[in-house]
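Only one chain is included here, represented as structure tokens and corresponding to the form predicted on its own.
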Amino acid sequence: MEIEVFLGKIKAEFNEDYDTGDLGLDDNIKNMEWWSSMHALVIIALIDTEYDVMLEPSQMKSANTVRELFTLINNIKG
């Protein structure tokens, strides 16, 4: 799994409703003006569907950037 592809999937998920064009790998997604807890659920579902990894809410809470999410998924997948 490539990190840029993962970033693209996250951007695509929200781009219809929000301007995610400047979202970078090391930006804190939870500090984005559009972020809400509902977006966390959307990302959890995306990761489950695309990568067959079901994150626990506590794991999602611990990851703040796209890079941290990517690393978490790779660590779980082994």
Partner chain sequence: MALMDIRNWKISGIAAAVPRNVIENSDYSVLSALEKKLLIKTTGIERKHVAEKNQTTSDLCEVAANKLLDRLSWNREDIDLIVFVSQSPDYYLPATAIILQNKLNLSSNCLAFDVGLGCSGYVYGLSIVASMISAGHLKKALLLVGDVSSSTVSLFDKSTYPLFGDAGTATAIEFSENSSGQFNMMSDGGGFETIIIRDGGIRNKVSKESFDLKEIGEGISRRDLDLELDGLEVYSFSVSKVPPLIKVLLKETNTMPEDYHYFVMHQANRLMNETIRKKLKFTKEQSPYSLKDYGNTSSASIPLTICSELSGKVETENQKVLLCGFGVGLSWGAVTLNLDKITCLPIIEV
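Residue numbers count along the first chain shown, from 1. A quick note: this is a predicted structure, and the numbers were derived from the prediction, not measured.
Separately, the form predicted together with its partner chain exists; it is not shown, and the next lines address it.
- Heavy atoms of no residue among V5, D22 and D26 are located within 4.5 Å of its partner chain in the predicted bound form.
- Taking the partner from the other structure, its partner chain in the predicted bound form has no heavy atom within 4.5 Å of any heavy atom of N31.
- Contact annotation: R67 falls outside 4.5 Å of its partner chain in the predicted bound form, judged by heavy atom distances.
- Its partner chain is not shown here, and in the predicted bound form it never comes within 4.5 Å of any heavy atom of K9.
- Of all the residues from 12 to 44, those having a non-hydrogen atom no more than 4.5 Å from its partner chain in the predicted bound form are E13, E16, D17, Y18, S36, M38, H39, A40, L41, V42, I44.
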